[in-house]
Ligand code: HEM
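A single chain comes next, written as structure tokens; it is the form predicted alone.
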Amino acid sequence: MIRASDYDPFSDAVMRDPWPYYAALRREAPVFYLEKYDTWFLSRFEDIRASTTNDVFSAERGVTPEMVMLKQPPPPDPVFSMLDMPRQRDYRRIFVPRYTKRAVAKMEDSIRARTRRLLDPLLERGHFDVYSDLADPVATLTIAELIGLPEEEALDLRAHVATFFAREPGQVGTTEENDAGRVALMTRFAEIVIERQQAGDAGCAGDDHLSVLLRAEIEGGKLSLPAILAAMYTMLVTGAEVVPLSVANTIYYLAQHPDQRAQLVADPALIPHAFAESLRYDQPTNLLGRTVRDAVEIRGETLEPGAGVMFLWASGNRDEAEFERADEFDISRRPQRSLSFGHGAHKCIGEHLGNLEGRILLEELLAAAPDYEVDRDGAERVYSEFLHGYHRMPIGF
């Protein structure tokens, strides 16, 4: 039987199938300490939700597994995802206008047109990969347009992100090959920024993120080049990773539950609920963290300043104390609360966009190929401590 003490987020077994380990943590040690990483792990929904709004935890030493557990330093220049309030507010405001519910709703026609343009030739083939052939290009091209990246380069830039996140069994942290992907991406980003700067006013006149970043003045001055690059990187990663995994996951679980798929085909208005259930059941963003700033007690355990703390988002969304039949995929579920897009000051600003993209992709897929079959031998989950879900999802129809 798997015990909480068996948990290590970088272990091969956990990266392949974390669910039994999360169940053991919730059952035996919901506030779990691993000395080798000097890091605490929170696995219960309520603990994670409460901690994300507790200012005893700081994001300014980094939020990724490598920064929190392996103690790699965060970027030296400010990036909004790694700032505490109130500093974070001014940086976050740069992006918020493009991600309000009203602003995102205006993008529906263009995203649907892009989806249909990519889907039409795939339908003629009778088979394709939901993740790599459709969902990933749609999400990547959409976030690239928002950032202000050249459309013709978007998928190549996205490939560098995939290189950075690729993992092999036994790997802890990034390798030289991973870093090469990140360096290539940031180098091209820098060239694009400099080209925009050299264009003068014309280079920053738009409402894309890069234009706004170039115009912005925060904390008494213009943003540095490294700060702009870090913001662009954050937006590309978050904008291109979550939706493709979520859509591929949904397609897989609907194939496992044909009765639920039939309900969606008969009533497409239920699709947003199915997408929300997929995000809960198999959350793509597995874990993110903070550093303990002030001593705090949680469930009788004292977390001391300087230690890391990881929020196990995916575990929280399977917490039996919050969700009845938490380990079942059920599109009729209507939860009052969720951790699918985070919580608190660092909640994902792309929530409305992600839900819109997911809905459109599933609407178009189910309308065009309602009786699709998943090639289960070809379906493959991403191997990662950071991400969850299927990044290979071949279907035929």
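In this text, all values refer to a predicted model and were calculated from it rather than measured experimentally. Quick note: we count residues from 1 along the sequence shown, nothing fancier.
Just so you know, the form predicted in complex with this ligand exists too; it's not on screen, but the next bit is about it.
Pick from Ile360, Cys348, Val31, Ala369: which residue has any heavy atom within 4.5 angstroms of this ligand in the predicted bound form?
If I apply the 4.5 Å criterion carefully, the residue I get is Cys348.
Among Gln197, Thr234, Ser211, Ser224, which has any heavy atom within 4.5 Å of this ligand in the predicted bound form?
By the 4.5 Å heavy-atom cutoff, the listed residue in contact is Thr234.
Close approach of Arg92 to this ligand in the predicted bound form, 4.5 Å, heavy atom
Arg92 belongs to the contact set for this ligand.
Taking heavy atoms and a 4.5 Å cut-off, does Pro284 contact this ligand in the predicted bound form?
So Pro284 counts as contacting this ligand.
Indicate whether this ligand has at least one heavy atom within 4.5 Å of a heavy atom of Gly316 in the predicted bound form.
So Gly316 does not count as contacting this ligand.
Quick one: does Leu353 come within 4.5 Å of this ligand in the predicted bound form, counting heavy atoms only?
Leu353 belongs to the contact set for this ligand.
Contact segment among 212 to 220, 284 to 292, 169 to 177, 122 to 130, judged by heavy atoms lying within 4.5 Å of this ligand in the predicted bound form
Going by heavy atoms within 4.5 Å, the stretch is 284 to 292.
Judged by heavy atoms and a 4.5 Å cut-off, are Trp19, Ser278 and Ser384 together in contact with this ligand in the predicted bound form?
No residue of the spot touches this ligand in the predicted bound form.
Sequence-ordered residues of 208 to 247 touching this ligand in the predicted bound form, heavy atom within 4.5 Å
If the 4.5 Å heavy-atom criterion is applied to this ligand in the predicted bound form, 208 to 247 yields Thr234, Met235, Thr238, Gly239, Val242, Val243, Ser246.
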